[in-house]
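Only one chain comes next, encoded as structure tokens, the form predicted alone.
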Amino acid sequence: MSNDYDVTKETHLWFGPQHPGVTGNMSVELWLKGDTIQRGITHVGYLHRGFEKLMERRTFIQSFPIVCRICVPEPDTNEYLLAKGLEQLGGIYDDVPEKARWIRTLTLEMARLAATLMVLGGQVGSMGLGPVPQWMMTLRDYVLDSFEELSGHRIYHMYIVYGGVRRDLPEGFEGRLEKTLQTIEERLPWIDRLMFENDVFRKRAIGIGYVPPEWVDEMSLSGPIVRAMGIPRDVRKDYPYEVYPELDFDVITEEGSDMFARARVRRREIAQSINLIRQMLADMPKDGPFCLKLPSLMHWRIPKGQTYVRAEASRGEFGYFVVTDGTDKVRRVNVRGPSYVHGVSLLERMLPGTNISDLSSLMVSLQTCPPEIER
């Protein structure tokens, strides 16, 4: 019997559903010749699902524990958009206290920081450079310590609620969060040396996973994928919300549109988030209410209407289309998560010609949350 392998023969295999390419369960069905992918199909539905339909059966306040699960590493964006959408339809958004807006923005930026630390570590972890993801997960845990102090929960915070936030900042919170920021800054040079100055990462990231700029509008791409092309798109600047207009920052871009450029954008956005958090801690109002006084949320009814609200998550533009019908439940919610286009349309288009050894790192660079797809 010959031991020679026929590289012209097509091989059919499944990659996943549990693998280092995404933060959750998602499978990619692959067809290969040799070690080169010919085509692939994304399959989801192995974890959370059906959030949008569940919300049609829940009162407004009961929906909060549901939306947090739409992206586990960054649940706060979902909390914020659900709250903002229903506040707008209920006619109370403009009455949200100033201090609540500052705390909301602080929470959103803390969530971006934690999620970016996680995905940047996963980028090199998929290449076998184990210390970086270990360091990054440790640093993310320090940020989660602050979330636990704020909300009582490490993962699903349910802190941003209708009318503001659930509670004020604890006494001494600012100093403890600053200590965490300093710890992250002290570790970043380690990350640079083992990641961006490492020939293994550079050779496996530069020129790999290229996304043509003409795909941006055609496929509705957003986030670091677009900014790594040199295109300065960011919802925080393009459609300002909460107190972002009062903060001093520029949209971070890189050139190259490959895995290396996307990683560079995320590395620089870690430093940017640290800077933005410090600005907010310095300028946040010391006094004033942190939430509106509302009637019983178990019996809250919102007039008929519809709205679309958006925010800049760590992965890109995150949007909620919310429809109400005058009852105590939403008529329809449609979540526009960037993972849908990044993890299905874009990934499947990029797979032909990709070496299977690059698949995990390519998927990390697209930063997909599977529950955003099967929602």
Partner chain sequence: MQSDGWMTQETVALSGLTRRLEELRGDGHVQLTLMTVTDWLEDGEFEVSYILTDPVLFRTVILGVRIPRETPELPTVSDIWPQAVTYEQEINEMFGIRFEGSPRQGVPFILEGWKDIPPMRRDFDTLKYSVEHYEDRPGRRSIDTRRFVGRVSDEKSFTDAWEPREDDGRERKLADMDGGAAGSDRGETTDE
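Numbering follows the first chain given and starts at 1. Quantities reported herein were computed from a predicted structural model and do not represent experimental measurements.
Another form, the form predicted in complex with the partner chain, is not on view; read the next lines as being about it.
Site annotation in the predicted bound form: the residue of 44, 347, 70, 37 reaching within 4.5 Å of the partner chain with a heavy atom is 44.
The candidate site formed by 220, 308 and 325 is fully in contact with the partner chain in the predicted bound form, as each residue has a non-hydrogen atom within 4.5 angstroms of it. With the partner chain left out of view, the stretch that reaches within 4.5 Å of it through heavy atoms in the predicted bound form is, among 265 to 273, 299 to 307, 111 to 119, 278 to 286, 299 to 307. The partner chain is not shown here, and in the predicted bound form it never comes within 4.5 Å of any heavy atom of residue 312. Residue 208 falls outside the set of residues with a heavy atom inside 4.5 Å of the partner chain in the predicted bound form. Contact between residue 99 and the partner chain in the predicted bound form is not found at the 4.5 Å heavy atom cutoff. For the chain shown alone, residue 33 is not a contact residue for the partner chain in the predicted bound form, no non-hydrogen atom being within 4.5 angstroms. Of the residues in 53 to 77, those that come within 4.5 Å of the partner chain in the predicted bound form through at least one heavy atom are, in sequence order, 53, 56, 57.
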